[in-house]
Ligand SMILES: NC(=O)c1ccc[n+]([C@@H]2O[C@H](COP(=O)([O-])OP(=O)(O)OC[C@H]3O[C@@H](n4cnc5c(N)ncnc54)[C@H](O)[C@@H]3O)[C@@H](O)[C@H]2O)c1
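So this first bit is one chain, no partners, the form predicted alone, shown in structure tokens.
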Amino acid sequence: MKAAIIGYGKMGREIERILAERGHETALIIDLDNARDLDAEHLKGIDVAIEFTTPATAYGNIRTCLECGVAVVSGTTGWTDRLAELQELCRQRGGAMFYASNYCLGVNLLFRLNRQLAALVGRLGGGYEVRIEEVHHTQKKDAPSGTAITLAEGILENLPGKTGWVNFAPGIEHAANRVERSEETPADRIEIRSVREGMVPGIHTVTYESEDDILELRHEIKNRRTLAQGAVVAAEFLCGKQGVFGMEDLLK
């Protein structure tokens, strides 16, 4: 497999190492200093591009790949209000696209458990209130994390009485369509607390609390390798396919 890496930060370098370990060729690397090289000429012969960049650049990067007929795997978060637009473009052009907010296998098991637990709590009641906390390194540019949003969406789909989520992240700008946390989080909203500290790769905790007990689902990533390896496995899965895919398709 001939791969392009779009975004050559810590994740990009880890992806490059794993591609080599698994016998693949990194034929193109795109970063800030050569962003203009992301074009049809340089993408010629590439089987799949793996994109981990920033919320501001992800949409354009992915669109360029699709328009050039190159399959693309993306793990950039914080921009997915436009994801459906690119998925439709992919279908129209007969291309291939794989998106996940988190490529760690353990996190995707957490997503399933989270949905199941929300449904159980919804059926059984018991006066539980739910909240989410995500902790990441200080260099992470978006808040809340894409993983936290996916967790919130899983709860919203399965827990009656919840209609949205509220992010509490001091000093981080909130999108216009979200409600900032006030003194009291509205009863119909899920609170997501975003914490940025040190070099933490990622910790996500879903907490259900009643007057009598506390129930938690928690996942902690120990290093970035698990994310990079998941992205490379997704690229192997996507290579030669057409359509829009995600981790649920890979896990099947």
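One rule holds for the numbers: they count along the sequence shown, beginning at 1. Nothing here was measured: the structure is a model prediction, and the numbers come from that model.
Here the subject shifts to the form predicted in complex with this ligand, a form of this protein not shown in this document.
Q: Would you classify residue 141 as touching this ligand in the model of the complex, given a 4.5 Å non-hydrogen atom cut-off?
A: So residue 141 counts as contacting this ligand.
Q: So in the model of the complex, does residue 10 come within 4.5 Å of this ligand, heavy atom to heavy atom?
A: Flag for residue 10 set to yes.
Q: Taking the shortest heavy atom distance, is residue 208 within 4.5 Å of this ligand in the model of the complex?
A: Taking the distances in the model of the complex, the answer for residue 208 is no, it never comes within 4.5 Å of this ligand.
Q: At 4.5 Å between heavy atoms, is residue 194 in contact with this ligand in the model of the complex?
A: Residue 194: no contact with this ligand in the model of the complex.
Q: Scan 190, 49, 227, 66 and let me know which has any heavy atom within 4.5 Å of this ligand in the model of the complex.
A: Checked against the cut-off, the match is 227.
Q: 35, 199, 40, 215: which sits within 4.5 Å of this ligand in the model of the complex by any heavy atom?
A: None of the others qualify; the residue that does is 35.
Q: Are 116, 119 and 163 jointly within 4.5 Å of this ligand in the model of the complex, each by at least one heavy atom?
A: Not a single residue of the candidate spot has a heavy atom within 4.5 Å of this ligand in the model of the complex.
Q: So which of 93 to 101, 150 to 158, 123 to 131, 80 to 88 is the stretch with heavy atoms within 4.5 Å of this ligand in the model of the complex?
A: This holds for exactly one stretch, 93 to 101.
Q: Given a 4.5 Å distance limit between heavy atoms, list every residue of 57 to 90 close to this ligand in the model of the complex, or none if there are none.
A: 57, 61, 75, 76, 77 sit within 4.5 Å of the partner.
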